[in-house]
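One chain comes next, on its own, written as structure tokens: the form predicted on its own.
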Amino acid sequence: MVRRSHPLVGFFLLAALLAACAKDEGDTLDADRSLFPLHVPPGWPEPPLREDNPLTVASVKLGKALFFDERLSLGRGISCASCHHPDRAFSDTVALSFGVHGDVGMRNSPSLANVAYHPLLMRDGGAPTLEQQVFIPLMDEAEMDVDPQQVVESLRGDPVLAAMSMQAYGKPLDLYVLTRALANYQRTLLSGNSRYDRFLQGDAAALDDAEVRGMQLFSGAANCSVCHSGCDLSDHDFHNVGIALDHADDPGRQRITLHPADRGKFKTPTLRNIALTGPYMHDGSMATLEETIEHFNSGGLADPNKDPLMTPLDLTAQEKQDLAAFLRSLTDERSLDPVP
């Protein structure tokens, strides 16, 4: 004899199932609203974050989606990732990047590693925050060359981005959301997990003999650590290192401050992942790590604004090889991108 279930049994089962689904959805929403679990390398200070733009899971996920979206250039083939490749420590592979019109940019695209720690952005320090920096590539004629308002209007119709925007900021996608989400994604790109870091943490086998000799040169006779200091291996200051004598096309820091003493000065780049981030210097004029080391070994060109620290080093061929070996040990052993 077949026993029939009471009609209410099915109702209660359905109600329980819907409640479970609602709970799972609620858990997901709560998780996305939570603070992003930033993996700060051991011994490092927490990066300075903004109270008006909390680093939440939802804002970071939206920022990553936007970072790789070519609609930021109104569908003309350029996204943030076009000039900041994840597999190159979020730098470019060419001396000067190409924009939507096929023109080349003004400067070499730097790595975005550890920009969360940078007090000023851009090679001349022209952007005080990551939120403000977003506008520069969008509006630059040699890069995306767009009206940012047109960009957000073109993205609003995307139901996925619309939902992500509401989840992250409680409002439809607009310039406020666009700039803050992109800034927050970039804040998660932390670099500090190299063999060099393992060596500092007590793993004596992490570096070979040549790399150890190079490390000793770096902080000793080669004097590199004066400017390439701290966790990010950069003082985040501005220096003229004798790259060129004519700065008519690009006066560097002077472009922002208007001070003649800042002519030809550019922000000290991080040396983290330097084996991945060539070509080097603000103009991408040095193709290899060896060429760059030779420039600093020579003391640079005789620019009147050249930093007094730029003097000939007289390194031997072996010492230059050891220094290059050490610099190559600064490559992260895991992806900079922590967002699935």
Ligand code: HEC
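In this text, residue numbers run from 1 along the sequence as written. Remember, predicted model here, so these are calculated numbers, not experimental data.
Omitted from view is the form predicted in complex with this ligand, to which the following refers.
- Taken together, Leu72, Cys224 and His239 are fully in contact with this ligand in the model of the complex: each brings a heavy atom within 4.5 Å.
- This chain is displayed without this ligand, yet in the model of the complex the stretch 94-102 from 163-171, 94-102, 150-158, 205-213 comes within 4.5 Å of it by heavy atoms.
- Although the partner is absent from this view, His84 contacts this ligand in the model of the complex, with a non-hydrogen atom inside 4.5 angstroms.
- Shown alone here, Asn193 lies farther than 4.5 Å from this ligand in the model of the complex, counting heavy atoms only.
- In the model of the complex, this ligand lies farther than 4.5 Å from every heavy atom of Gly252.
- With a 4.5 Å cutoff on heavy atoms, Ala58 does not count as touching this ligand in the model of the complex; it lies far away.
- This chain is displayed alone, yet in the model of the complex one of Arg88, Arg263, Arg198, His228 has a heavy atom within 4.5 Å of this ligand; that residue is His228.
- Residues Ile78, Ser79, Cys80, Cys83, His84 are the members of 77-94 with a non-hydrogen atom no more than 4.5 angstroms from this ligand in the model of the complex.
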